[in-house]
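We begin with a single chain expressed as structure tokens, specifically the form predicted alone.
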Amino acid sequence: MQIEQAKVKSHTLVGGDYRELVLSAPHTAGAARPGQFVHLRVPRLDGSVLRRPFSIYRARDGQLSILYKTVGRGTEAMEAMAVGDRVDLIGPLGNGFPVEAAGNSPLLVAGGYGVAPLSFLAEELAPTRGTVFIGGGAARDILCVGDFESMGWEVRITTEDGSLGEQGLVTAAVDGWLAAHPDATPVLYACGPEGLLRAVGERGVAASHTAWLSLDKHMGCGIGACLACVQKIRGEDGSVAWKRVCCDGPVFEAAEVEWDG
């Protein structure tokens, strides 16, 4: 982890309100692993002292990419970033997905732009291939399908409005796969909103399957100092402690996570 002055190489609209930002950042890109993130200081965001965390989508040849959706002041300001601009970032941060634990039947479950680190993960899992489930509200929220298809993964798409793939929640597609493969011992990897993570985790625990979840928490500092992103985690001895998602995670095994409510 270190502060790096990255340079914008490209910045493109990839569909809907989603954009891909490609940065020249040799140190961060060279050290990055699937599931890690960067903490980016958005240029020209007057009055803001906080950085923004973004999962790493790609990291190769000295460059890294992030996918983001315009949802507020920070990401609105990011839209103005142009080729050649300098960006201050810290990375790579956090503990990513344990690639060596994938087994022979990896199942990747993504919601919205939570698909970004799972695309990175699929690259690292090669030549192992499995099934990826991508869910969103509508067709405009489905990203990275071509990434997985080009790597030989089976892709199953669900949208809540039925505009692409099967209509319904992505967890219904996961349930269908599990029911059709009762003797399989898959390892699940999930990234997306908390409701999705909890649902995938509960399925993994109920069926005694390992399920790795990339938790989605609001972060302040990104390096464990501010304690804004804590989550209850159960230890091997059964005790529960607060862990910092930014530096102890963001990836945790489902059986460890203590959900509120």
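The first residue of the sequence shown is number 1, and the count goes up from there. Everything quoted here is computed from the prediction, not taken from an experiment.
A second form of this protein, the form predicted together with a small molecule, is not displayed here; the remarks below concern that form.
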Inset, instruction - Sort through 155-163, 70-78, 133-141, 95-103 and report the only stretch with a non-hydrogen atom within 4.5 Å of the small molecule in the predicted bound form. - result: 70-78
Inset, instruction - May I ask you to check whether R44 falls inside a 4.5 Å heavy atom distance of the small molecule in the predicted bound form? - result: no
Inset, instruction - Although the small molecule is absent from this view, report whether R52 comes within 4.5 Å of it in the predicted bound form, heavy atoms only. - result: yes
Legend entry - Non-hydrogen atom contact M219 with the small molecule in the predicted bound form at 4.5 angstroms: yes
Inset, instruction - May I ask you to state whether F120 is within 4.5 Å of the small molecule in the predicted bound form, using heavy atom distances? - result: no
Inset, instruction - Answer with one of L215, I233, A32, A199: the residue that has a non-hydrogen atom within 4.5 Å of the small molecule in the predicted bound form. - result: L215
